[in-house]
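First, one chain by itself: the form predicted alone, in structure tokens.
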């Protein structure tokens, strides 16, 4: 190691990079396929994309040469109407990922800890490690339910030296990668802990569960995150937001980059909120297609799908290699996510696509039964 490499923080030198999904243009080159022929079911994106009005507004907007509003007042006002809380409680970020990173930087010192409930979204662990925090994992059960008693015990153990080192508890509902939802009674118990509880509702618009956003107005240690990436088809523009107690908002304004949300994302987000009537039948179509996909996967002998309230289905592969299955699907131009790690051995996560995507996927999967 060189002298200059030693200048890098030791915790960063020891980190593994986040395993991100490869973009379309790279995939098309790797597979030797035109992008239009690829069925991309590996990143939980909305296959229908943004509304025509969003595309039109983006094309016509005249002020891309002007810096964006650093406090996103227009977008926060529109979000206030959408989630039914005052705009003063709403913070907008360059994707919900940026907000997770800001929370870790706001609360974590080296030696502090987040409490994590895997299998779940990997960015909580990643951002905690970037900030020099410890990650304490309390694993979900075989049905992906959170271990409430285990979480309570973990906080007590981390704080056992008399110092509150457990700072953030991350919970996702519907959970990624399995699509299960958080029991409100479990959240009530966990909100009594001396930690900030972060509930990530990235897939809320695909679920039947009531949002926990209204709870934020009654709890000073609850944060709820949301995104435009999934329901509004804006994953490529990176736009997320959170609902926070006012005292947390005060600190977020202090540490955020001044122009963190770009103009194009702002225009797209505002237009998507205005155009919700366009998205409603699309969201319903995705929910219906999710159920059709689930039934089809159930009928395939070597697959065990889990019920989901997200726009994806987790599948355990039995009696054969999930990795080989993923690779075989890729050769047919169908991309799904592969997992083989604790809690997710030999598994695939399949995003819900259009009906024709389901038909193509299932046809290939059935070939392996013969």
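This is a predicted model, so every value here is computed, not measured. Residue numbers count along the first chain shown, from 1.
The following text describes the form predicted in complex with a small molecule, which does not appear among the structures shown.
In plain terms, the part of the chain that comes close to the small molecule in the predicted complex, with a heavy atom within 4.5 Å, is 170 to 178 out of 214 to 222, 170 to 178, 142 to 150, 263 to 271. For the marked spot (95, 121 and 229), a heavy atom within 4.5 Å of the small molecule in the predicted complex is present in each of the three residues. At a distance threshold of 4.5 angstroms between non-hydrogen atoms, residue 114 is out of contact with the small molecule in the predicted complex.
A residue is said to contact a partner when one of its heavy atoms sits within 4.5 Å of a partner heavy atom; residue 91 fails this definition for the small molecule in the predicted complex, lying far away. A residue is said to contact a partner when one of its heavy atoms sits within 4.5 Å of a partner heavy atom; residue 204 fails this definition for the small molecule in the predicted complex, lying far away. A residue is said to contact a partner when one of its heavy atoms sits within 4.5 Å of a partner heavy atom; residue 256 fails this definition for the small molecule in the predicted complex, lying far away. For the options 238, 287, 165, 76, the residue carrying a heavy atom within 4.5 angstroms of the small molecule in the predicted complex is 238.
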